[in-house]
Structure formats: structure tokens, C-alpha cells
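To begin, one chain is listed below as C-alpha cells, in the form predicted on its own.
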């Protein structure tokens, strides 16, 4: 956690955890909607359900993979980057904690796209 994320009381920590869970949940829900819409749009444009499902799922997996890689990179090199910024006296607000939070949001988005594409595939397969 960065200095701005550190809290002392259990109520403060619970509030931070609730806010982060809410943010990740919204990203996952957005991803699910995008997954459903992506499969539906591809099928509506004449692609097969299998093609649409595979492509949208792959995009979700790509986002998820990027986020996991970015998250691990933030942990691996975050302190060094923060120290370099301080040493170079840059005005960047980048921090390891903020980077990890962004990667968690992208993880939720990618997972949501994957789940949405699965749901859309199941529903469209039953309907079509």
C-alpha cells in the first residue's frame, strides 16, 4: 500500500476494501456487458456463433493476461520507479499502489468479458 492508502482504524480499512470491491465489481459488470454485446454484434453481422464466442473470449483473456502481467510488474519494479521519480524530481503522480489498483480493475474487466462471452454463447446457442 502507498502512503495515501494506509489507514489506522478497522472502519477505515473496511471502507477502503468496500470501495475497491465496488470498483472491481463495476469493472467486472462492464466487462460482462461488453462480452455479451461483442458476441451479439459479431453474430448479428453474420459471423458464426463459434467465431464470435472465440474472438470475444480471447480479447477478454488478453485483457486479463495484460492486467496480471502489469500487476506483477508493478510489484516487481514499482518501488524502483517511485524512487527514480523522486530522485529525478518528476511531477508524475504514478505510484505502485495506484498501478496495482488499475491492474485489478483491468483484471475484473477482462474476466467480465470472458464470462459475458460465455453467457451470450450459451443463450444464443439455445435461441438460434
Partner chain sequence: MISKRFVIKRLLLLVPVLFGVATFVFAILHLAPGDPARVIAGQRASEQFVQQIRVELGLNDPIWVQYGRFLLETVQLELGKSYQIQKGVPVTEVLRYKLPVTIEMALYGQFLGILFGIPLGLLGAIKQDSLSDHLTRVGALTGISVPIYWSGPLVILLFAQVFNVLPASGRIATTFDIQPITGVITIDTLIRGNFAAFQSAAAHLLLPSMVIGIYSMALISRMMRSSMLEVIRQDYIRTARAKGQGARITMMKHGFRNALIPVVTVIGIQFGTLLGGAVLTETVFGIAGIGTLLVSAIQVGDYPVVQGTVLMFAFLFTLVNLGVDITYSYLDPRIDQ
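Residue numbers count along the first chain shown, from 1. This is a predicted model, so every value here is computed, not measured.
Not on display, but discussed next: the form predicted in complex with its partner chain.
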property	result
Joint contact, 55, 65 and 77 to its partner chain in the model of the complex, by non-hydrogen atom at 4.5 Å	yes
Heavy atom within 4.5 Å of its partner chain in the model of the complex - residue from 43, 81, 37, 97	81
4.5 angstroms heavy atom contact with its partner chain in the model of the complex for residue 30	no
Distance check, residue 118 to its partner chain in the model of the complex, heavy atom within 4.5 Å	yes
Its partner chain contact at residue 59 in the model of the complex, heavy atom, 4.5 Å	yes
Non-hydrogen atom contact residue 93 with its partner chain in the model of the complex at 4.5 angstroms	no
